[in-house]
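Listed next as structure tokens is one chain, alone, in the form predicted alone.
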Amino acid sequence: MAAIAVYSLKGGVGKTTLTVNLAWASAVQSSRRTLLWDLDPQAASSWILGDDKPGKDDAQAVFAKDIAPERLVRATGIDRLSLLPADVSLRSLDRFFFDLGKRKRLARLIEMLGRDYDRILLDCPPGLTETSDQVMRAAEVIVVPVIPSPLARRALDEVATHLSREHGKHAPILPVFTMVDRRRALHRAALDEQPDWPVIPMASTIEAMAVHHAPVGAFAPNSPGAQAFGALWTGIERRLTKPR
């Protein structure tokens, strides 16, 4: 089992889009038993994957061990892909972790879930928080979406600095350019500066995920967006299965 975190210091950079499509690629393209664990109280990943019914707001109770996480897992309608949905109770998760004082609670829960899954994708809330620190300790790869702009690149540098300062040795960071429009000179310049970073294009098919309530590969498998997500996942799988 491997946990892959999709994390950004900033919001609005395509984090949820990345998480949902990578989870789909894991389940469909790689035939992995996959769980998407939505840790963002906005619950966008949960909504896209069809979790739009009011719940009991007990997502945080998993961390207090009041509810076993597998009791909240739901099917998504996609073979081999399950969802552990978010809800508004996660708004106070940072405070809960701070008061709890257990720095590896999330890692321990992921280890338990790993008995049933090959890949666990974590859709993380933005910001440098107690929750993000728990995620960094649990993940084997940290995927960071970066819009091709100086401010987004600065945010990535802040994440790398924080990880090195607070965690020392940490999981590898995989930056990914998102929302790329090659017609814009600023975007082209950023891609020229980092030619080895994966690229996810700005595309109407990707925006249509909110309409279809599905990953791009499920409704537009031959689109450039679906191919870009698939190629990104192939690279992640190669990293995870590489002999150590």
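Don't overthink the numbering: it's just position in the shown sequence, from 1. Because the structure is predicted, anything quoted here is derived from the model rather than measured.
Only in words, not in the display: the form predicted together with a small molecule, which the text now covers.
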Contact residue in the predicted complex, from L191, A203, I67, V28 (heavy atom within 4.5 Å of the small molecule): A203
Which of these residues, A214, L39, M179, V176, gets a heavy atom within 4.5 Å of the small molecule in the predicted complex? M179
Only one of 193 to 201, 215 to 223, 30 to 38, 57 to 65 has residues with a heavy atom within 4.5 Å of the small molecule in the predicted complex, and that stretch is 193 to 201
Taking heavy atoms only, is E207 within 4.5 angstroms of the small molecule in the predicted complex? yes
Can you work out whether L22 and the small molecule are in contact in the predicted complex, taking contact to mean some heavy atom pair no more than 4.5 Å apart? no
Check whether I236 has any heavy atom within 4.5 Å of a heavy atom of the small molecule in the predicted complex, and answer yes or no. no
